[in-house]
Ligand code: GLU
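One chain follows as structure tokens, the form predicted on its own.
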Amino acid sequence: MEEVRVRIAPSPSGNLHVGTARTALFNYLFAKKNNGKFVLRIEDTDAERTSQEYIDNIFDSLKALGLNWDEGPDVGGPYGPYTQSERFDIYPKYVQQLLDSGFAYECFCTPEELEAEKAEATANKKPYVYSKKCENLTEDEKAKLIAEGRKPAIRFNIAKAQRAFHDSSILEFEDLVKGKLHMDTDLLGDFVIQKSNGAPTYNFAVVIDDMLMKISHVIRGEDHISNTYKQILIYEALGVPVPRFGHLGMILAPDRSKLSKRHGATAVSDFVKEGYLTDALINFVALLGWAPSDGEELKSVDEIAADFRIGEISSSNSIFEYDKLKWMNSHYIKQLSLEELEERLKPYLEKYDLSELSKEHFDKMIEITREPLTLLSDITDAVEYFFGDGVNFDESGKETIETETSQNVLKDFIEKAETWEWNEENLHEKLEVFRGYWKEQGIKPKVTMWAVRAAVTGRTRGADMVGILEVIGKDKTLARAKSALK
């Protein structure tokens, strides 16, 4: 049985996009389900757009998601490591093979001549297809053009390849995701496989790389479908097996437009920076176009891999629902132990002087503020009032503290709290009595506690009040309450 070998081949022209991460994940799951290999190849042939920063981001993002490659940069293996720009000496051999077999030819057309062809097609309201004017040049004609200083590009002969391997101009293949797909190859035109400077084009280099790396299945975005027809013909012209192809629908924003930064984070590293757990991110991304057989959405990568079926991926586009991702993230945050959570939260607490709190009080602070967290970064705002001496009032807190009732409650609170023993058990008991007293005066318990909470935290909503008072401490609590009096 053929070994399953899949690959992810990102271009380092930006940080790893969540769409590319989804493609990587589906390749990883397919390999894991079939005891295959997951290969990483960096397609960095576009030197102007390539950056080492982006390459590092791709590595770091895939590792953060747990999508560890079996072969590729930093791993090696029998076919690695893979960086396309370091493989330029490989491609000319196969260009020559296609020239020798007649499936490719030299093209001496200048950019100006090609633009004139395109302009004529536009004027005639026809799709542009290369005229093939260089297909049958004689050796003398070529020599003359070379003497003029022209360097030829190499074009693939679509019609010859199609006639050699198919009965008509219609090329059809069975897509793993979308089923039967077809195209009239007469519409493609003879495309360049090697530029005049000797560099391979994407469609040629990717075939050679996948061929040499023995890639058995190519799973990628549907924006590559038009490339697939060209690549199938190149495989056939080289006389090598054609891999199976599967094309994934696009990921769209909630408004069904292309997902972009105006909708929110789009790069994996941005999601991580905002405080999404990678377990939640990978779980969510797996559900973009695929559904578990038992209907249970919350699953580990191993559970998803065991259940993964590529033929059941939806061929439609998927909607990236940020709200659902946040819900899923809150679930994973709740699953963390207090110790794990504290470690994850520390990067978001760097603006505060944590030495203000004892270990016991730090633990207590996290324990009482963790419940509503949907992002790790939410903790920054959630714990602000635990630090420093003053209080930043939000609108609700400011309105609350200025009422006559709140002022009266606070005066009474200050007088009584001066005598309280400051520990959890006693504070709980004293606050119950305090609420009861004001209830007898006709003031609802929540109104009573809003006054105290607003004075101490600047807000009318937040964590457990007993826990807040315990962590903030008696002196700071009373100082803030006094400061809130008119």
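We number the residues from 1 along the sequence you see. Computed from a predicted structure; not experimentally measured.
Note that the form predicted together with this ligand isn't included here; everything after this is about it.
Judged against this ligand in the predicted complex with a 4.5 angstroms heavy atom cut-off, the residues 202, 206 and 224 are in contact without exception. Of the stretches 216-224, 337-345, 72-80, 146-154, only 216-224 has residues with a heavy atom within 4.5 Å of this ligand in the predicted complex. This ligand in the predicted complex comes within 4.5 Å of no heavy atom belonging to residue 463. Although the partner is absent here, residue 472 sits far enough away that none of its heavy atoms falls within 4.5 Å of this ligand in the predicted complex. Taking the partner from elsewhere, residue 60 is found to have every heavy atom lying beyond 4.5 Å of this ligand in the predicted complex. Using a 4.5 Å cutoff between non-hydrogen atoms, residue 10 counts as a contact of this ligand in the predicted complex.
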